[in-house]
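Consider the single chain below, provided in structure tokens and representing the form predicted alone.
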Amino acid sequence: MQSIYKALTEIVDEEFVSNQKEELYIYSQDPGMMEPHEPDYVVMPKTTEEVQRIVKLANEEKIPIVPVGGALSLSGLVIPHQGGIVMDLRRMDQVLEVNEESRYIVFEAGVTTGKLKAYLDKFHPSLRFSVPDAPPSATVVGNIVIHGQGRLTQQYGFNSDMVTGLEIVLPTGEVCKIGSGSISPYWFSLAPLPDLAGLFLGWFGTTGVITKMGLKLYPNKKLRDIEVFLVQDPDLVPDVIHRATHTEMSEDIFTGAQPYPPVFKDIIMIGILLTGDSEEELEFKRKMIWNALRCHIDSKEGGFMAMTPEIKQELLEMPTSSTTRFADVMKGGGFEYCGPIIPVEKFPEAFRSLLEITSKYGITFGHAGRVIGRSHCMMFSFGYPFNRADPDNIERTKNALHDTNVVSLDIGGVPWKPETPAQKMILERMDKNTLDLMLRIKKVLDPNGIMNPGNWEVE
């Protein structure tokens, strides 16, 4: 054990390696419900070369290694289930290139969403990226590795669909580039080459360590506004979304529901974000949206919410802070944020299941959803705040989480950023040939099984 510690200090400065109990504790858990497991070492590399040397050491010694960004998945995806080395990538925080003409950016794996947004606002204010509703300390790469969503996914798909290139350290230590950057100085696209990025996106760090990423940027419109449509009947939500997306006027469409404060009880909110470079453009888009939903207004089945400037400003935040505040509504420091990617037409079934599960276990909830593409699918979250100091509340929330994963699969959805029990449910239901393909890929890329073991265990 001491020899491994010494080897790590020879790769990075001693101040960036630790085996101290209090520091290992920090990396043993996240705010979700998964059981903590301490690593044996924590190391913070600064360069791709240092990452490569650490991975080679782990592969030679057959030591588990877990790459970590912000550790905010809430589903234990970077908890070191088998100990070993946690590799914290947050020192790798440099923006390397912005190409304004081709609208892409290249940055290191530790760059946070807060830093990237601030960087673009200051140096390239005409450009923006798809900001997720996560704390600013979440890393951009971490969000994309789990197929996260952001404020542009209603137009362009998952944030992982916006990747233009990757630099990867493979589990055996080789460094490779994927996309146009593998043959060109320009990281503008994954196409038309074979799309190898899929070997690393959605795999939760079990196939390699992403050290650099290229990402599409988009025009940053001068003006932003929001309309919020309210309904009580969940059966109406798919039609509202379908009509709103058919106009192609919105930047982002999200759903929300929660029992607190009481004014929101039994109400489903559908937020429709609009952007433009002039008031005339915003007004045109607003009229298009209102006209598209006129039938629901006339029937008195739904209507637009009047908002104070303060409420509107809060809803326009990037990222939105209201979700973070609700996460600690139990004042116990725990929050489990789970749920599936579903066809939009499954919203009513998912919503009623949410109410049934929370009623069954006597817990509270917060729902937030996001439309992906032109209503191609949506993320439907079941958010469960819980009190870490209340064992009974924890147990009831764990049971709710299990039922949520079962329901998510039963209605035809796919659990998003699934914790290990949900991963096992997915693998049990997966097409057997697909499962075999995943196993073969994993064995080829990671023959010694060192990369984030405990996740996507397909054997």
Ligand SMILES: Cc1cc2nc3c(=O)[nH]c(=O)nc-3n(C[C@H](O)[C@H](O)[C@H](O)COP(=O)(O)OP(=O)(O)OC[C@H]3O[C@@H](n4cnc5c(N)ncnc54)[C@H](O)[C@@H]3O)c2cc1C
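Because the structure is a prediction, the values reported are computed rather than measured. Sequential numbering from 1, following the sequence displayed.
This next part talks about the form predicted together with the named molecule, which is not shown.
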- [ ] Could you work out which of 268, 354, 215, 78 is the residue within 4.5 angstroms of the named molecule in the model of the complex, going by heavy atoms?
- [x] 78
Task: Of 39, 70, 415, 32, the one that lies within 4.5 Å of the named molecule in the model of the complex (heavy atoms) - done: 70
Open item on the list: Residue-level question: is residue 251 within 4.5 Å of the named molecule in the model of the complex, judged on heavy atoms?
Closed with: no
- [ ] Examine residue 154 and determine whether its closest non-hydrogen atom to the named molecule in the model of the complex is within 4.5 angstroms.
- [x] no
Task: the named molecule contact at residue 347 in the model of the complex, heavy atom, 4.5 Å - done: no
Open item on the list: Does any part of residue 377 reach within 4.5 Å of the named molecule in the model of the complex? Heavy atoms only, please.
Closed with: no
Task: All of 74, 143 and 146 with a heavy atom within 4.5 Å of the named molecule in the model of the complex - done: yes
Open item on the list: Given the stretches 383 to 391, 121 to 129, 201 to 209, 96 to 104, which is the single one in contact with the named molecule in the model of the complex, using a heavy atom cutoff of 4.5 Å?
Closed with: 201 to 209
Open item on the list: For the stretch 422 to 454, I need every residue with any heavy atom inside 4.5 Å of the named molecule in the model of the complex, listed N to C.
Closed with: 452
